[in-house]
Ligand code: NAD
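Starting off, we have a lone chain in the form predicted on its own, written out as structure tokens.
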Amino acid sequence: MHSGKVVIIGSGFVGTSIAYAMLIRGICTEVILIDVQRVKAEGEAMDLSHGLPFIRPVAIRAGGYEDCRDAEVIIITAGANQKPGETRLDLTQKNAAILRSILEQIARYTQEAILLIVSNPVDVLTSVAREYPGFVPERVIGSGTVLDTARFRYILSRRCGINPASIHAYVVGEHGDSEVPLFSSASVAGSPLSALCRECGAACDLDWRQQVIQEVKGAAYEIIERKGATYYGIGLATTQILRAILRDEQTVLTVSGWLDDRYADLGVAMSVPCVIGRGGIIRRLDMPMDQEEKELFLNSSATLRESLRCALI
């Protein structure tokens, strides 16, 4: 099924930012907004529609769950928002309950669409969705650490004076406090970041890596403290995932998915570099880590397993 039709469930800041980014990039043929407040979804669709003369042709409107029937991708952003001082994992039980009610509605009309989960805690919710009968694990994808990876590359780019698109570095594990930025495999133009540091002459102090890690992990908290929510970054990150799916790009992205291959013993959905295409998660790639990073990665999986246990109660 290659309909080019995308359904977004949730018309808050995140859902509408995704819709806006999708329209500008011209990657789909139809967008349906679904929200528990139908009038809100209608207003957002109207507002976005008024920009159609400036972009590629696309149909956009508010709808209901029946519109999921022939969707190629269903993006789920609905749920309670993270408040100042609250961690993503604090949202576990209430958003797991909301997700189950959404999946029940979707399953009435389709189990063929790719589910792209953005609501937090995204790894736990991706695990919950994987447990729901009928949906294929490779086609249940969480936005994972795609945004965290972008933040990591951006922060490194500021320190190194290099375009972030030229920096290859990944964040794995939880999308949250236990995530693991991988310095050991970070590179620029095929050269390890450590080699670049030796030649740079910027005289970074011994704690600079820890400073970068804290800046990556704390980015969402800083934004929420200042403006109440994050949505532009995740809107662009989700659109990158969506483009890889709809255009079958075979792009490597650190999405969250149920680890049922070489990572199966971890027993949870979390982020590692994955090849993404029209079938969803095509395959996962081995990610070299040093010993400290491996330990942190395993600790991240343990954190998520405990949170998943709470969600399944």
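The model shown is predicted, which means the values in this text are computed figures rather than measured ones. The first residue of the shown sequence is 1; numbering continues from there.
There is also a form predicted in complex with the ligand; it is not shown, and the following applies to it.
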item	value
4.5 angstroms heavy atom contact with the ligand in the predicted complex for S143	yes
Contact of K40 with the ligand in the predicted complex (heavy atom, 4.5 Å)	yes
4.5 angstroms heavy atom contact with the ligand in the predicted complex for I74	no
N81: touches the ligand in the predicted complex, heavy atom cutoff 4.5 angstroms	yes
Interface stretch in the predicted complex with the ligand - options 157-165, 179-187, 131-139, 96-104, non-hydrogen atom within 4.5 Å	96-104
All of Y20, V58 and A150 within 4.5 Å of the ligand in the predicted complex, heavy atom check	no
Partner contacts for 116-139, taking the ligand in the predicted complex and a 4.5 Å heavy atom cut-off	V118, S119, N120, V122
